[in-house]
Structures are given as structure tokens and as C-alpha cells.
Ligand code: IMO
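So this first bit is one chain, no partners, the form predicted on its own, shown in C-alpha cells.
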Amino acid sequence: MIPAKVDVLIGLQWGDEGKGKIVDCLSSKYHIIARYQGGPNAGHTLTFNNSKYILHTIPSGIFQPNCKNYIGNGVVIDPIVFHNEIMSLQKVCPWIYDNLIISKHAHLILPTHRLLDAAYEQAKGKDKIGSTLKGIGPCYTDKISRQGIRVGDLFQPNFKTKYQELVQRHIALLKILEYPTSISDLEIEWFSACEIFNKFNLAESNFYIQNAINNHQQILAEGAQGSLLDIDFGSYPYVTSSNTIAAGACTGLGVAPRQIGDVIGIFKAYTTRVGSGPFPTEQDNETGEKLRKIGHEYGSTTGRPRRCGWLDLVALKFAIQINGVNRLIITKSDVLSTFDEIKVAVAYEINDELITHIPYNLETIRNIEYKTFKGWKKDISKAKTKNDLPKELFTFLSFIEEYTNTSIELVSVGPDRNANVWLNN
């Protein structure tokens, strides 16, 4: 029998595409949901039974009692955030201690990582990148410079020494940056939170995933953030500190390229962005405010209002190509239901020339060429089948499929886990 493939689910914009809801929706079809990158800067929101849950570190399949969830080596974990997340979920997910497995190779975010994050952002002044200040970047920096601390180190005899040596290096940097340093209270909470790892099954690197593949278990790799925030292919330097694209699942879980199956891409019917950085289709006007208000566009992790704009098909096509997406899912199409006209970007203008690819510097874009669609002006939030959807929406969807050369298989029409319409079988 041929071993199972690992499907990958990724966001195709600047994050906040609705990945958490879709993973929860699909998780009943998989044995394992595995997070492969990012940290507590993620905010995957799930809504069901009139309650809303926001996951920062834990994979979004945790609400399914028969689904295992795995935090891979590519993830960085803040023990305090992780502990609080477990405490908030253990009543609704009593199986959480049995169904959540953590890679020993995942790196830990220290209290001083958070201080360094704030210090670096403060030092940038007006050029700040809009960090969530969760310590993600400094933690990945230590990982790359080969001085980071991993989950498995907690159980090594030299852990305290290794921890103190790294903290002293951090304090020296903070002094250079002239950032106030007081970590005693933070350390007490941090060390206390680290005790939570004693309650979980800790896995050796990629052995857990490879063993599952060889045993023909279905695995879905869940990405955090969005493709346009990828450290290599995003709008650098206004990006996150890891590879958010589908290829990141290989290094973040220990999966060979030939073991990747379907790549499922999620995008919103419009575009949003949190923090600084170029945003070609941003609508800093009444349209943007209307999108924000109807779509409740505020950061799940930071609470910051999201910048809003029209759907950018140039950027979407790029993200589809770089990820090798073969299945598309569109979310928040219900947010556009009251608009008379709906626009999508189909080309950028640079130096009086129209281009249909992502340029090296997005800030060189001077104008956008849009295609305008008639709005459907119909509440679709109660739609159950594709026959319930208006023809104007299908015109909109068909153009996206034609432009990107990729089929859309699911339309999300609301925040609830069941508010979805499948367009195929």
C-alpha cells in the first residue's frame, strides 16, 4: 500500500483568511492536524455553539475528539501563552492532554525575547514593521544563530545554565538598545508555565509524523499567518520570521517534498492587512471602513483594526503559484453582500506600464487596474447549497477561477463552522 500524503492548508494573503475555521471544518477527514510554523502571533478563530475560541499555538483540530493535533519543530512556543490556552480549553476539550503532541525540537520564547521584540521595534521608530511584540522574531533569530532553547532542553540537566547564558546575552543587547529591563516577575510566571509540558506527549523530531505517514494516517499541515508574510517571498521587510508557504511544511514537520499531497489555499473575498507595509488595494476611505465594520476586521491576537481593501488577484495568483495550490476556498464572501459594486485588482501600473506580477518593491506601484462586478445584494449567510447562491456571486467566483487558473471548491458564508457551501462533491 502506498503511504499517505500530507495535505497542506495555507493562507494566500496577509493572514486572517479564516484558516482556523476551515481547518476545523476539514479536520473530521484527517487523523492528525499539524502546525508547522509561526507562534502565538497566530490567532485562528473558531465559532460554534454560540461561542468563539481563538487559538494561538494549538492546531485547529483540537475541538474534534477523534483527531490528534501536533505542534511541529518549526513552531515557536511561549510557555505562558500555551499554558493559558490549555487552561481555557480543557473544559471544552477534555481530551486535550491525550490528543495534543508536541515536538521536542520546537523552540521556546523566553521573557527576554518579548522585551527584545519591543526594543527592536522601538528602535526602528517610524520605520517599525508592525510586530505583534510576542517575541517571535528574536526567538527565530536565536534559532538560526544556534543558541536557542527547545522544548526538549527543559528536561536536560544543563537547562538552567543554558537558560541563564542566553538571558545574559539578551540583557546585554537590551542595555545597548537602552530598553528598561526587569524580568524577575516574568521569569517566575515563565518557569511556572513550563511545568505544563510535563502533562503532554513530547515527540522526537519528525518521527511522529513519519510514523503516521507510514501507517497510512491522513495528515493536514496547518499554516499560520499568510503567504504574503513569508520571510523569503512576502513583502520584505514587513513580513513574519518564518516560511509561511506550503514548502515550510517540509522543514517545519520533517516531511519530504514527495510526501506532500493536496495544497489547499484560503483567501478572503477582499483583502486585509495588520501592521505596517505596502498594501496596493487598500481603501483608506468609507469603503475600507465599511469592510472593517461588516467583517469585524480586528486582529485576533493584537486587537488592532485591520487595514481593508479590494481583492488583489495579482497577489493571489502569485501566492497560488508559489504554493502549488490545487484547491481554493474563499471566505467572508457574505461581507460583500451589501455592496452595489465589487472590485478586484487585475494589474499594477509601474512607470506607465501595466504588469500582472508581483514587483520587487510593492511601494513602486502607482496605480491599480480594477475589474468591477455588480454586487449580489442578497444575504447569503443562510445558504446551504450552491443553488442558494446568487448568479452575481458565481460571476465573481468564475472570474477569479479564470484569472488564477484554479478551481474554488468551498465558499464560506459566515463565521460559524457550518456556514459553508460546497461547490463540488
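All values derive from a computational prediction rather than experimental measurement. Residue indices: 1-based, along the sequence shown.
FYI, the form predicted together with the named molecule isn't displayed, but the following is about it.
Contact between Lys68 and the named molecule in the predicted bound form is not found at the 4.5 Å heavy atom cutoff. At least one heavy atom of Leu133 is located within 4.5 Å of the named molecule in the predicted bound form. Within this chain, Gly375 is remote from the site of the named molecule in the predicted bound form, having no heavy atom within 4.5 Å. Although the partner is absent here, Ala345 is not a contact residue: none of its heavy atoms lies within 4.5 angstroms of the named molecule in the predicted bound form. Site residues His44, Leu229 and Arg304 are all in contact with the named molecule in the predicted bound form, judged by any heavy atom within 4.5 Å. Of the stretches 366-374, 353-361, 35-43, 388-396, only 35-43 has residues with a heavy atom within 4.5 Å of the named molecule in the predicted bound form. Val274 is the sole member of Leu313, Leu108, Val274, Ile209 with a non-hydrogen atom lying within 4.5 angstroms of the named molecule in the predicted bound form. For the options Ala119, Val239, Ile96, Leu173, the residue carrying a heavy atom within 4.5 angstroms of the named molecule in the predicted bound form is Val239.
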